[in-house]
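Just the one chain here, the form predicted alone, laid out as structure tokens.
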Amino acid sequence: MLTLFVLVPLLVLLLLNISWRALPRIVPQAAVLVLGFADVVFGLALPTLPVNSEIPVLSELHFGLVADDLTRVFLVSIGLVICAAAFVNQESMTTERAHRNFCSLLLVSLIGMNGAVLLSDFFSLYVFLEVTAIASFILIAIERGIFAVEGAFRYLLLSAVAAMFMLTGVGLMVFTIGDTTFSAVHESLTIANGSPLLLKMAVGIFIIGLFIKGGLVPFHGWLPGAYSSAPPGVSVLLAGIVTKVSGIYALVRIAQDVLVSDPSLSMILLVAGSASIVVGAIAAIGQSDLKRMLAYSSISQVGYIVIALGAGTELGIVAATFHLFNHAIFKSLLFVDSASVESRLGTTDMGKMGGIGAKMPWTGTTTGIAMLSAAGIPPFSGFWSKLLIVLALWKAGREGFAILAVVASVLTLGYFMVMQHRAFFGKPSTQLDSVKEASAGYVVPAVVFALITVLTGVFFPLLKDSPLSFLLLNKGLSW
């Protein structure tokens, strides 16, 4: 059953490319939307199909399949962002060949991300993350612009370094215990006489690779260029879900299924998360390009997820997962709105957008909703996940980091208010007289994401059996 999440997109990809010239433009687009929607639907249904199994590959080497709450959240997130990227691509890709290539690469990304969130061993995780990375590298440079190629090259270079760390970690695991499944590594780390030092090193080296792929400080140099130079649909995909699956999902999974309580590891996560929060927020304040500002904002928001993991508690893992979902939604929304503005003005320079909100009311309104959610303002969904992060840190005795998380939210609100003032508020320039609201391909996903953000925030305390609150219930928590 779970293998269908990989095999069906692969089969569709092969069929689309075998009959490339015979198919109308709408067919690849429809295929991507159907498969993305299937991720959402089956992601919501997976709790009725609990699976956690291991399949032998060699005599002492296995790969595992897992379908749990974390898988469920990510399948829903992947499906939603894939659909949004497909909508934006339909509007922004002008040539037939580029559109078809984008849809094919989007399916490759879907295969990679689905595999990554369904498999529960380090080697398979590495393989599917590399599948996603290769597709992302090509997508960034798909239009062959000089800045896009530069951004893709930086992404490729850092991704290769990350792959080296991850594969080294996998090799050390095989050398140490002869297995790479999460369960086997966890069992070895919790043995009574102390786990092998080499195994701890292996997991640590693997995590360094995830830090690079997730764009955490000080490995964040590739991220702003990749996000800002990529085509609009690719930016939505990268910022919304790719870097979350490639680096941050794996961190959450390892924290939940593999690691044991370790003060030194918790401190590493706390410091890395705090640095990313502060550096990303400060860098975002000084940006004049909307996409680069949103890219640095992503670094800051990812820091919140990592700092929650640093709490070293179940509540911290829940908070990290919930904020990761929220970030996928509101950051995808912000990049969709950025694409909307770029489609009308031909630029993402905020100095040339003054008062655009009056001309593009749907775009301006949904941007404001995403901004308030990112800053943790009630009643939007980001408020709840940031509140859980602060509570997790405070209960874990990390009061200083909890205070930092609150103060940094003020910084987040500050740079988003600057963005709103420069780009959307104020009297429209006479040069914008002919500007109109973006087309439906931009507005529809923006409105859907805005509704998810609002409804999740308003009804989250009441939805006891919702896909977003089941994590709390399953951990025996209440609110």
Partner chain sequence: MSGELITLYVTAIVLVAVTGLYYLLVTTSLIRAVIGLELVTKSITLGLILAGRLTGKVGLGQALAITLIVVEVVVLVVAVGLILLAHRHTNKVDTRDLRSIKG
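Numbering follows the first chain given and starts at 1. Everything numeric in this text was worked out from a predicted model, so none of it was measured.
Below: the form predicted in complex with the partner chain, not depicted.
> Want to guess which of 342-350, 231-239, 135-143, 248-256 is within 4.5 Å of the partner chain in the predicted complex, heavy atoms only?
Stretch 135-143 is the one.
> Check whether G79 has any heavy atom within 4.5 Å of a heavy atom of the partner chain in the predicted complex, and answer yes or no.
Close contact is absent here: in the predicted complex, G79 is far from the partner chain, nothing within 4.5 Å, heavy atoms only.
> Though only this chain appears here, would Y126 touch the partner chain in the predicted complex if you measure heavy atom gaps against 4.5 Å?
Y126: yes, in contact with the partner chain in the predicted complex.
> Residue-level contact is defined here as any heavy atom of the residue lying within 4.5 Å of the partner chain in the predicted complex; does L189 satisfy this criterion?
Contact with the partner chain, no.
> Using heavy atoms and a 4.5 Å limit, would one call Q90 a contact residue for the partner chain in the predicted complex?
Q90 lies outside the contact set for the partner chain.
> I have E150, F153 and A160 flagged as a candidate spot, so tell me whether each of them has a non-hydrogen atom within 4.5 Å of the partner chain in the predicted complex.
Contact check passed for all of E150, F153 and A160.
> By the heavy atom within 4.5 Å rule, which residue out of L294, M360, I329, V170 makes contact with the partner chain in the predicted complex?
By the 4.5 Å criterion, the partner-contacting residue is V170.
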